[in-house]
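There is one chain below, alone, in structure tokens, taken in the form predicted alone.
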């Protein structure tokens, strides 16, 4: 069911239910500011996450702890990382930007991270991904039914955290998060429907709408929850939601580029993985819509089983047809829109610094 967000990824944001969030691991060099923000968020949120996970029944707890990188498959302790915590960092940064107390929003931040990982567990099953964060995915270790059920349990835990939170913003946050999950599922369903159509039967507008639902929705929700926990008004909440959505779409565009040209040593996934799966990612659909000879070649390659060298030929065709350049340019445009939305909610640049640093981090990955 891919937060984009390894974390902004890992396959990933349903990865979301789609973001190769997972591809958070293949982010480029972190700015010192972004690194500090993310490390601080992980430090704040991890104890709440662990408390929530430890409340699960034994079998579900074991799968969740494996998925988060805290245990090996045999239950022994592991030092693996659970992603970069971009979504919880957005919650806490939004609270600070609007003058709230981030300590009061830790449960909300943990809830968003639980939803993100619920989508990743399901997404890996749907996409048949065998690797995440450089080790076998949960379904390949524990089986499909148990991995799906563990994901369901994470979603329930997220809602429970908010239901039990005495903060006055919690009820509105719970409703918004539940609505976001519906949107994530709709985006994932649309993605599957697009995959079943022919290469020449999918439009860019359809793919952009699907990407916003799969990836932008949870990033926007994270920012909106931060605004709610800061006691912000409706206009600020909606502006921050818009900021996250636009940044999320920029993320997905970059993530789709990485899904074709990313370094497997950084992504933890095979080279050209998205092409091998015949994903109708945004660069691919832009290339197919170009009307060029390379577009025709790409359509022909996409419609047949891969032979030796076909994946490299596909990547070359996408680039020649302009798909890579289109995705990168469009990502820049979406980031500009995100900044405009942020300025409407947080007009003082200094207060918006952390949110901008996070948005720049997730859209400047190079591997």
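Just so it is clear, the model here is predicted, and its values are computed rather than measured. Positions refer to the first chain, counted from 1.
Omitted from view is the form predicted together with a further copy of the same chain, to which the following refers.
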| item | value |
| --- | --- |
| Among the candidates 270, 80, 171, 231, the residue which, in the model of the complex, approaches a further copy of the same chain to within 4.5 Å (heavy atoms) | 171 |
| Partner-contacting position among 194, 239, 148, 104 - heavy atom within 4.5 Å of a further copy of the same chain in the model of the complex | 148 |
| Segment that reaches a further copy of the same chain in the model of the complex - one of 182-190, 215-223, 86-94, 278-286, heavy atoms within 4.5 Å | 182-190 |
| Proximity of residue 159 to a further copy of the same chain in the model of the complex, heavy atoms at 4.5 Å | yes |
| Proximity of residue 140 to a further copy of the same chain in the model of the complex, heavy atoms at 4.5 Å | no |
| Interface membership of residue 122, a further copy of the same chain in the model of the complex, 4.5 Å heavy atom rule | yes |
| Partner contact for residue 263 in the model of the complex: a further copy of the same chain, 4.5 angstroms, heavy atom | no |
| Residues of 40-67 having any heavy atom within 4.5 Å of a further copy of the same chain in the model of the complex, listed in sequence order | 56, 57, 59, 60 |
